[in-house]
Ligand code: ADP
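We begin with a single chain expressed as structure tokens, specifically the form predicted alone.
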């Protein structure tokens, strides 16, 4: 192909090689073996195939509405074939009176059936009874304008198969193929592009999904097994005085059953012979910080230090204050280290870390600097994992001769299938109970024309001594999108609430400005915080009882749930109001309904995965989703994912040293995948 088309495939679809083209699978298939009669056509049909001839052409309209119309018939009736682009090319290519096979989607215009931009092929070149299912490939508008439509991609793939004279070498062992009745890789790759029937297509899809998920899980489990063998963890063999005193004297409330279960799991990990790598999932307010503190006190009682890494300075300050308040008079030294820590304060902290006088360090990325050295670091707690990549985790490991235990916390509920792929190398604990006394957040959905009553409600809450968040999706107005934006919204709210003080917060502000605005709101100096989604992972403001989300239709379920979690931190009833326009898609209506009927973060995350898919879920890119799934779907293929995980575990158990000839091709394939440009495995291994 020419350089121009090649560049287009590079830029638009990320196709750089024949391999990329081979693994660019169709997104749907349409049965091309059936031929309709023109007299059967109606706008209710999705796609049809016709056999007949063009009787005449006529050009109609001017300028942007100029079009070419071909009057096509099979003898039963006439249908108009219409082209708005490439008119000269079409007239030169097609002939009156010649037999053609026409394929496209019928619609009605001025009482006549027409098909816009149909596929038209010479009837003598096609054997309709052998056409089977026609593949359809995702393309872009830019590609279509250059003639690279789905049909053109199918022809490229067809040409590719003609070049391939040898079978594709097998990537799975014969015992796996036989035991699970899998189609061969060579046949699956050929069938997935050009299936003859549905049964054949399903077998090819199953083989390729199986393989894709199998190698993801094999890599994760292999890495996890290797890490367990390589890294011996610190052993926290005793539950000592500090832990017991805190548990019996300082606990702010009795632990929930879920918290007790997770503490037991952690206790079991740190009392073993390998390094702990555990993820704690729990909704906002479920008590993850308390579990983390108990884990850090286990380290203290066994002669080790602990460190808590958090993504922002203001959150670090809040965590530090919370830990100190919880610990009270217990002899545990907690220090704070951020980029803003002054030199005169930094020196004694660094000295205390080196000589072991500092028991717990709470900090931001500043902790990762080389001059921050610990006397004996035993455990690292990472809050909001997706803000810290593997490189940062590795830097923390290097802070001690024996890598510390790692406890990762996230308030973003992750569906089981996604957790098995994003965090497959971590053991997962779930805190699925809220502490006693927490009231579920009352969530309502209103249309924008009811904002007058919303403002009255907000005023009533503020007069009761509460505070409110108002979140917008955009900072400034966007001509292409009819959305409320923060700048205009802030001005409007200043006019409506002129007798109150307002703060403004967005991602384009400097860190110090953001921290200052957040501090003003957290201290109660301002009553309303107008913000973009930068508050999604933010500080705890127990006095804030109202969350208003403008243009809620622009957010995914998980993000709406995260934003809602900014309120409901105190004892008083809290509210979340989702504001949308009145023209809502079915998908948006479903999201609003789920939000107003459920407060369960995991239920919401599962629904989000099913509605939007993993690539669109908030946080997955930051979390390090290290692969681009070509055919499997984490929402639909949950059972297959769990099944292949066990198959992968069986391979590792059967061939731990990777020297069994029966599995040689499996390990070779894994190495190839890890080295490929489009599989960024670094985020996992």
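Residue numbers count along the first chain shown, from 1. Owing to the predicted nature of the structure, the values given are computational and were not obtained by experimental measurement.
What comes next is about the form predicted together with the named molecule, which does not appear here.
Colleague: Where does the named molecule sit in the predicted complex: which of 294 to 302, 366 to 374, 251 to 259, 146 to 154, heavy atoms within 4.5 Å?
Modeller: Single hit among the candidates: 251 to 259.
Colleague: Answer for residue 287 alone: is it within 4.5 Å of the named molecule in the predicted complex, judged on heavy atom distances?
Modeller: Looking in the predicted complex, residue contacts with the named molecule include residue 287, since a heavy atom lies within 4.5 Å.
Colleague: How about residue 348: is it within 4.5 Å of the named molecule in the predicted complex, going by heavy atoms?
Modeller: It does not: once the named molecule is placed as it appears in the predicted complex, residue 348 has no heavy atom within 4.5 Å of it.
Colleague: Indicate whether the named molecule has at least one heavy atom within 4.5 Å of a heavy atom of residue 283 in the predicted complex.
Modeller: Because a heavy atom of residue 283 falls inside 4.5 Å of the named molecule in the predicted complex, the answer is yes.
Colleague: Indicate whether residue 435 is a 4.5 Å heavy atom neighbour of the named molecule in the predicted complex.
Modeller: Contact with the named molecule, yes.
Colleague: Within 4.5 Å of the named molecule in the predicted complex, heavy atoms considered, which of 466, 569, 445, 193?
Modeller: It is 569 that has a heavy atom within 4.5 Å of the partner.
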